[in-house]
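Just one chain is shown here, as structure tokens, and it is the form predicted on its own.
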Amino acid sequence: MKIYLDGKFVDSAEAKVSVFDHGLLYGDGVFEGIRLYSGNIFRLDEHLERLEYSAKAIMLQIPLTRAELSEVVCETCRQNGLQDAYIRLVVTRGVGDLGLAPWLCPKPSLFVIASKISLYPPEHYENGLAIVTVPTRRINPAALPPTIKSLNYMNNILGKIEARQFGALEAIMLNDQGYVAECTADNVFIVHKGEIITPSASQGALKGITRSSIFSIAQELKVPIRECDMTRYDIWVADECFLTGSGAEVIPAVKLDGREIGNGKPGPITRSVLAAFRRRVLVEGTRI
């Protein structure tokens, strides 16, 4: 495997960062998870824009232009002979001392990995997931805006650990007011009385790239869609539920906290959204 690291392609065994890199020491950096489908990088420009916004929010200078970043991502896929892949693009604050001060890190570090990912077994896309609500709450947006896709994922990791302890592959995370924010690695949508509903970013949800495509797909399918405050009760009594993310794509959830959602099977709107999404990933984005 070839990894792009700070201006050159190196073998994966040689792709190393310093123990003094603030991305490692403090989670000081930003990243994007991007998908390649049959030679098409899905919504690459939107991912790069979000990366730029995240970097700007934490005052981190990305060492490449957007056009250069786009070419680096494409070339990483070419170097590895990939037509289908998960791409991880990371920018760290770079090497500094053991203090917090980011201004003592003179040069950011940038690397790109293109490999495979499989978050959920295939049968779950057909039959749906059983998920749970975990005790760990999402960080308040006033403390750390969820729109910043930073390297600091401890909050999500704690939720993922708790999900596994409860025997689930994914979990709902509430905010400090008790409203649904998102899952540990996915955005969440419900279908109720023919309408698609999802939490807003102000409640702690990441502005996911796949999430944004659902709004476009809903318009295509002529299904009403909106953001609103959502509680666990709303999911319990929903007709359908599905989760979205670059890694997860679109996956049905059929049970929450031991309660069946709808009839306990993936619903018709979920299936239509998934089918529309699978068509779009082949044409929306950048050819390598």
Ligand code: PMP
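The first residue of the sequence shown is number 1, and the count goes up from there. All figures in this text were calculated on a predicted structure; none of them were measured in a lab.
FYI, the form predicted in complex with this ligand isn't displayed, but the following is about it.
Taking the shortest heavy atom distance, is P252 within 4.5 Å of this ligand in the predicted bound form?
-> Output for P252 is no: heavy atoms all beyond 4.5 Å of this ligand.
Contact label in the predicted bound form: R43 to this ligand, heavy atom within 4.5 Å = Answer no; every heavy atom of R43 is more than 4.5 Å from this ligand in the predicted bound form.
In the predicted bound form, does I131 have a heavy atom within 4.5 Å of this ligand?
-> Outside the cut-off, so no.
With the partner left out of view, is K160 within 4.5 angstroms of this ligand in the predicted bound form by any non-hydrogen atom?
-> Taking the distances in the predicted bound form, the answer for K160 is no, it never comes within 4.5 Å of this ligand.
Per-stretch contact check against this ligand in the predicted bound form, the hit in 204 to 212, 71 to 79, 99 to 107, 115 to 123 (non-hydrogen atom, 4.5 angstroms) = Contact-bearing stretch, as computed: 204 to 212.
Considering V191, A218, A185, L89, which brings a non-hydrogen atom within 4.5 Å of this ligand in the predicted bound form?
-> Selected residue: A185.
Heavy atom within 4.5 Å of this ligand in the predicted bound form: which residues of 136 to 151 qualify?
-> Counting only heavy atoms within 4.5 Å of this ligand in the predicted bound form, the contacting residues of 136 to 151 are R138, K149.
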